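Just one chain follows, in the form predicted alone, and it is written as structure tokens.
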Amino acid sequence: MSQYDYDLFVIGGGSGGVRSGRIAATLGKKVGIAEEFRYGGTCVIRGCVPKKLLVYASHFSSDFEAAKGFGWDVGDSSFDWKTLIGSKDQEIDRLEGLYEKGLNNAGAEIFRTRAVLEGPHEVRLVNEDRVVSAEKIIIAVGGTPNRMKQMSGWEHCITSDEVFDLEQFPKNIVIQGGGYIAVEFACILAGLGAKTTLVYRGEEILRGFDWDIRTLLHEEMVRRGITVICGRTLESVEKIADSTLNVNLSDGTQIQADQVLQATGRLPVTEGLGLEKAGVEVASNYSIKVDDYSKTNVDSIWALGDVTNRVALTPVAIHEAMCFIDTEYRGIRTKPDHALIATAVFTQPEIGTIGLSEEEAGEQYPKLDIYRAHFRPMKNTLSGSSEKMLMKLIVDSETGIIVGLHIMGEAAGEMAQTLAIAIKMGATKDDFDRTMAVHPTAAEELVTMYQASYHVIDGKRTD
């Protein structure tokens, strides 16, 4: 009989925690899992899933306008925020139930409580004020929005955690930040009818993405009526008598808004977790240090997902969970593979990308061939929209291997997911050239760009 209460105890009921706990339980392990908020984690409750539902909603304003060119008269239309949020809540409740059902069916024991470490094998269930023991412990508590508390008036701001549950739709909003969360919400709220201003301290939005993607998205956001201000910061936020907020920028500009949304990154949720009692090492950015197999410096404790600050994406956390299962319970030592991860940014227009940006590739390869198509897709010819698509291939000249692929336009995320398989397998430009086009589609441009648009030699562009 085991000396521990559980073979595995999981702290955190998000994607990585639930997957590892559920699969371990199906393999016959005695599993306990604790979540202090709601099962499903950031992705399901207040992240990817509700965000994508709002993305769909935000498209209808432009879809109604585009329909006219195809002979449709949609008549008067109006938008009701409370109806959207109510529908979103029903779907989130359904998904949360499925997560719990999966754990129950597998035989895992579910706890609705905060859980903290008391030692290498001990976990305190805070709400029950008792300690349980486990042979192995997984920490999968995720991240939380960076609330920028050094800014005066931060308490008057909201984050992506609260934006999904606002009682009133913000007619005028300022968004602080320039990463994917900031630009996605800027497009969502503008599409739903809000006057939207995005303020970012950097020279251009979406730092880390390909420069073409960054600049062209900026142009499209402005074309859609979003005010994008780069190179400035929010100095303070003041609440005035009528509940309006005065937003003061670093250049002296003042903007009035109903809401200010802070979208300035996320931080691992490690504070007060008891890591020091168990001897778990933490990095300077508060993330948990792990080895190639997601194990901490303590032999009995692992960490998965955003709390490790490796790649903060839901599928990555799930992948890391499955690697843990293979390594610890199936006898197949498996390292998480964090290379060539496809990413989608659900802006308007949408972005899909995999591999290196042109700037990153220029630092790693002596010569690159760049294939670039920037065109107006067929749908927009009748709709009257001037929005264009971008498709870009970055190719290592020596081997012909595609090291970066970037798409901006309708269904870019779907294309990136499919093409990620080919890129992960080491596809070359010749492989793309040998692939017959599907006509008429936008994606056919990816296999019909026979002539390089330009080259990059030692990091410098040459025509």
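Not measured: the values here are computed from a predicted model. All residue numbers refer to positions in the sequence shown, first residue = 1.
From this point on, the text means the form predicted in complex with a small molecule, which you will not see here.
- In the predicted bound form, the small molecule sits within 4.5 Å of a heavy atom of G178.
- Taking non-hydrogen atoms only, R266 approaches the small molecule to within 4.5 angstroms in the predicted bound form.
- Shown alone here, K429 lies farther than 4.5 Å from the small molecule in the predicted bound form, counting heavy atoms only.
- In the predicted bound form, the small molecule stays beyond 4.5 Å of every heavy atom belonging to L95.
- Within 4.5 Å of the small molecule in the predicted bound form, a heavy atom is found for not a single one of R38, E122 and I138.
- Exactly one of the stretches 310-318, 272-280, 130-138, 364-372 approaches the small molecule in the predicted bound form with heavy atoms within 4.5 Å, and it is 310-318.
- When the small molecule is considered in the predicted bound form, only one residue from T83, Q150, Q90, S77 comes within 4.5 Å through any heavy atom, namely Q150.
- Listed residues V345, I354, L189, I213 were compared with the small molecule in the predicted bound form; V345 is the one with a heavy atom within 4.5 Å.
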